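The chain below stands alone and is given as structure tokens, in the form predicted on its own.
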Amino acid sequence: MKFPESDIYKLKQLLASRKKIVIVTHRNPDGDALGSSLGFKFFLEKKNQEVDFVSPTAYTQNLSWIQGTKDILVNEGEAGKKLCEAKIKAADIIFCLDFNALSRLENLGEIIKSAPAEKVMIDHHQQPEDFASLVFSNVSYCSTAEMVYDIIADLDEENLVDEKTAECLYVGLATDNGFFQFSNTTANALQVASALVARGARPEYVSEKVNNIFRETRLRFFGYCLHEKLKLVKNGSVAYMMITQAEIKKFYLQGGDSEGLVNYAFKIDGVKVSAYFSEEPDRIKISFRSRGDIDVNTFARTFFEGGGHKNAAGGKSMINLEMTEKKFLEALESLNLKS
């Protein structure tokens, strides 16, 4: 058993009878947010539960091939917000997947906080907030999808994991450990991946969809960024790219088109930290990645209102690109990198 027996017992009791269930994940859902939530939704439906999956914002089109995305309820537009709020208020249980703070839900955070439903958190990020009555939190997991599978196994209900459930969970697991390239690729992650493949997940299909199918403009954007925008500082140990709204429009970028770009700088020998800054209408969106013991979670929390994992985090800046770059370069001193 991977989780406390008392917590698994509580979960069994919650699911012992048919309930109205809402699954919610963080804004701008990535592969793990979608994969873990959809996989868990399919599992709960196999248990004859009434389940809706609510996302604070629309998922990106590069992930629209994942099974079940067409049924996601998106909290955007007047009709969408009204429907999502009604589902949340009527729910018996709200499962909070792949986030550790209600602030990651846009305006849904306060609605969920005040909802009468029992709240259950399943998440692998550091420093979880205290808003759920039942919490499954473990930062040693590479993904929430990996956690979901182990919870299902602890419930002794792996028999309910069919092909589409397995593939959704595999998407979450593989995308959050860089297809088994990152340091969070543990023995347990590989064991879970093996179990999911045995139950019908297709590694070659998922990898092809995520890594090899680009629109032409997206591929040209990657080339442009690496050739024209990549900067190296601190004696080549830090790489970063800053992208303007004009450049985003020039390449007709869609949501998710920059996914993975921040990792390319690690192909340069000696790079220990990589950052990607994207200018949006109301903020600068930032992605941080690091190698080894360099903690970008603390860095993002301290300087850029963000957080995440030790080697992968996000943040934001409410000042312009030029000022954000200056702040970033000054903040790098806190990482004690060789200049």
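Please read these numbers as outputs of a predicted model, since none were measured by experiment. When you see a residue number, it is the position in the sequence shown, counting from 1.
The next section is about a form of this same protein that is not shown, the form predicted together with guanosine-5'-monophosphate.
Which of 266-274, 65-73, 50-58, 280-288 sits within 4.5 Å of guanosine-5'-monophosphate in the predicted bound form, heavy atom basis: Only one stretch passes the 4.5 Å heavy-atom test: 280-288.
Residue among 125, 119, 87, 218 with a heavy atom within 4.5 Å of guanosine-5'-monophosphate in the predicted bound form: It is 125 that has a heavy atom within 4.5 Å of the partner.
Proximity to guanosine-5'-monophosphate in the predicted bound form, single hit among 199, 104, 234, 209 (heavy atom within 4.5 Å): Answer to the contact question: 104.
Heavy atom of residue 313 within 4.5 Å of guanosine-5'-monophosphate in the predicted bound form: Residue 313: yes, in contact with guanosine-5'-monophosphate in the predicted bound form.
Contact label in the predicted bound form: residue 45 to guanosine-5'-monophosphate, heavy atom within 4.5 Å: Residue 45: no contact with guanosine-5'-monophosphate in the predicted bound form.
Contact set, 295-328 vs guanosine-5'-monophosphate in the predicted bound form - heavy atom within 4.5 angstroms: Sequence-ordered list: 305, 306, 307, 308, 309, 312, 313, 314, 315.
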